[in-house]
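Here are two versions of the same chain, shown separately as structure tokens and labelled structure 1 and structure 2.
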Structure 1
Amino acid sequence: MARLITPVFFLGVGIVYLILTSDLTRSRVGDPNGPLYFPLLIGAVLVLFSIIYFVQEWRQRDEKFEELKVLFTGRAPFLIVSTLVLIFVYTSLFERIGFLISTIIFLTGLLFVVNGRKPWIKNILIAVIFSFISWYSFSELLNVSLP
């Protein structure tokens, strides 16, 4: 039955979207309903295809549903969670301590997670060199301002 979650989710998105559309402020210029037409059309298309999708999945409800299994096999859960945590740390450090140092920390962490602890010298070297090159090429050569 897990396979029915996605179609129900999209059906929900479609219905909520249609309700939000009907609640939109009416326009004071031109056709008062002008801003509504296109969203109504999209909402209707989304609801229609979500229903078809639901019916398709309902017919296969007894078959095994393994599309999401990879998320829970091997190192995958560890990789996903640690990457998200690192991204969160990176985001909170980025403007505070600047691009260069935060990127070195982020990339070193990520390389340790992905590439393993064994090649640690390589990981750190790559992180430092890559961060420096990207900082130099963006802020010095391409004049993009980075914190």
Structure 2
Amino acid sequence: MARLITPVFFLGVGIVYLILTSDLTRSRVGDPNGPLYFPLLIGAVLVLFSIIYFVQEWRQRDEKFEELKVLFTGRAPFLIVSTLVLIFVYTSLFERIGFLISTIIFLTGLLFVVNGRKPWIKNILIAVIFSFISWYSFSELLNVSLP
């Protein structure tokens, strides 16, 4: 039954996401439900794919399932915990120091965790270039204000 954990988890996330979508603020201009359409679509697709995934895994429930053990061997636990810590730090810093600096710090840390210290120039360059391209694309090309 371990193979059903992932589809049940994502099905739960999709349902909670759909419920929380109903609390979004309605638009005062144009279609009042306009801000709801895309989040509802994302939630519905997540629920649909989770159900399909669940059915696929249910059909294979009698076969041997070893994928869950991979999460607890080798570097996987370190990568998972480090990524979660970096995401927590990123979300904590995002409003305080802004998108650009916090994204550079997050990506640099993540690349050092994944790639190690040896390609440090490459890690820093990728983090800086990606962050600047993202910032420029949103701020200048799409006129989306970022913190």
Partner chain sequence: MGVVVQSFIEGLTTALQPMNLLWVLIGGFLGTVVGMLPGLGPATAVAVLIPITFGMDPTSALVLMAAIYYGAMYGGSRSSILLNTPGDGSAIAATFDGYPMAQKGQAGQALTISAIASLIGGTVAIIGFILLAKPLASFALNFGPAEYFLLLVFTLSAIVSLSRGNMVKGFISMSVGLLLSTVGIDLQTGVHRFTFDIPQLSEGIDFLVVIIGIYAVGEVLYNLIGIDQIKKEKNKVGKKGISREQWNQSKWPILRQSPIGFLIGVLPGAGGSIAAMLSYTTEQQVSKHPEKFGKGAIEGLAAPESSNNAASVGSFIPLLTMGIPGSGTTAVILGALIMLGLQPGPLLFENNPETVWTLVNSMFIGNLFLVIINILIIGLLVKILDTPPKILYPMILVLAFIGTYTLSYSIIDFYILVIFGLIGVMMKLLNFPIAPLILAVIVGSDMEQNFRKSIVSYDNIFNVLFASPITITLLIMTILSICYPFIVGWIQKRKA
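All residue numbers here follow the sequence of structure 1, with the first residue given the number 1. These numbers were taken from a predicted model, which means no experiment stands behind them. Shifts are known only where both forms have a C-alpha. Take the two forms, find the largest set of C-alpha atoms that superpose within 1.5 Å, and that set is the rigid core.
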Displayed copy of the chain that is the form predicted on its own
2
For the rigid movement of one part against another between structure 1 and structure 2, which of Tyr53, Thr108, Leu93, Glu67 sits at the hinge?
Glu67
Treating the chain as two rigid parts, the smaller one turns between structure 1 and structure 2 by an angle in degrees of 40
Using a 2 Å C-alpha criterion and requiring 3 or more consecutive residues, which regions move between structure 1 and structure 2 after core superposition?
1 to 67
